[in-house]
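In the form predicted alone, a lone chain appears below as C-alpha cells.
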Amino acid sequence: MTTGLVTGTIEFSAVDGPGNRFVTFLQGCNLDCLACHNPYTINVCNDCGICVEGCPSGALSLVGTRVAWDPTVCLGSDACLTVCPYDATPKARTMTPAQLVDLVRPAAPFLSGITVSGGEATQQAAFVRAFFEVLRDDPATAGLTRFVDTNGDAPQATWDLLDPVMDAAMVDLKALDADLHRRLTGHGNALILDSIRTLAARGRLYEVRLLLASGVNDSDDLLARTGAFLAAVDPTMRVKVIGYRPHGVRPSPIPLLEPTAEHLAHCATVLAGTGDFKLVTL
C-alpha cells in the first residue's frame, strides 16, 4: 500500500490556490532555501531524541530507538521544532491516501479544491498520485480541483506520473540566474525552468510565484530577464509577486530584507513591461 509522510493539514486556506482549499503538507524537500518559512519540513526526523526532554506537554517519548508523538496530549507548542538541529519535525505521520481523504471529506462541501504542498510534494510523487486518485474517485471529493504547490525541481517523469490526476501546479521560481538560485536554495534551477515549460505546454501551470527579497533577487535587470523568459513560455501566464517576510525563517548568511509595498508594486511594473501577465502582488 502506498503511504506518505504527512507534516500536517489546513482545512481552509485562501492563499494556496484558487478559492477555499484544503492543504496537505508533505515532509521532505530537495532544496534548502534560505527564505524557507517552514524549514522543519526539509528533512525527515532521524530519531535523535533531542526534542523529547524539552516537550512541554510530554507528547514526545522515546520508544526503543524511535521518537513517538502522541497528538492527543500535544499542546501545539513549537518547542520541538525550535530545538531540532536537523530541520525536521517529530510530528510527521505516515498516512495512506484513504486516511488523508477521510480528513478532507467533512470539509468538502465548503471547499473549491485540494492543494498538496510541503516540504516538496513531488518528493512523494507516487503518494500524491494515489491521493489524487482516491479524491477523484470518492463521490464526496470528486468535484474538487487538485493542485500541486511545488519548487519545480522535478524531472519530466514526475509530471508524466501526476499529469493524469492533477488539475494544475503552482511553481516557485527563486531566481532566474542559476548562480544566484544556487546561493539562495543550494541547488541549480535547470529542472525548475524545464518544469515551467512542460507544465505550461500541457495546460497544467496555474501560476509562477516569485519570492522577492529586497536587494537580493529583485533588481530591474533580473526581473526584466525573468519576465522575458516567462513571456517566451506564455505571455499571458499568471505571475504572483510575493514579498519576503522573516516569520519562521532561519538565520541567513545572505541578508534577507522585506521589500516595501511600493517596491513590490515597482517590481510588478517591471514585469508588466515584458508580457501580458496576470500579475498578482502579495
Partner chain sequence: MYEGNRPFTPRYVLPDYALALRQGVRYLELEPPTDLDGALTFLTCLCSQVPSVTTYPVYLGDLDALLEPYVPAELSDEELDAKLRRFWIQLDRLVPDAFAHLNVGPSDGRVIRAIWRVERSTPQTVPNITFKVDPALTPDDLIADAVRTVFVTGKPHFVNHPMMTADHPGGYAAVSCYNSLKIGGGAHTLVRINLAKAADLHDGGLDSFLAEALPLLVELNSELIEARIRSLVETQGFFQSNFLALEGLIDIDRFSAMFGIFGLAECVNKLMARDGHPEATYGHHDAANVASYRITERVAELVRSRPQPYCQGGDGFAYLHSQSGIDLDLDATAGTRIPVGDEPGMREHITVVAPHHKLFPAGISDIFHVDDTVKRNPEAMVDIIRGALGFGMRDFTFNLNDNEFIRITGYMVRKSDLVKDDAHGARHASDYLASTAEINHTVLTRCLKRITAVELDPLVFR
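Residue numbers count along the first chain shown, from 1. No experiment lies behind these values; they were computed from the predicted model shown.
The protein also exists as the form predicted together with its partner chain; that form is not presented, and the subsequent description refers to it.
Note on the partner interface in the model of the complex: the residue among Leu161, Leu81, Leu111, Ala200 having a heavy atom within 4.5 angstroms of its partner chain is Leu111. In the model of the complex, its partner chain lies farther than 4.5 Å from every heavy atom of Thr274. Contact between Thr9 and its partner chain in the model of the complex is not found at the 4.5 Å heavy atom cutoff. Interface membership of Leu193, defined by any non-hydrogen atom within 4.5 Å of its partner chain in the model of the complex, is ruled out. Proximity of Thr2 to its partner chain in the model of the complex: non-hydrogen atoms within 4.5 Å are absent; the residue sits far from the partner. Annotation for 227-244: no interface residues with its partner chain in the model of the complex [heavy atom within 4.5 Å].
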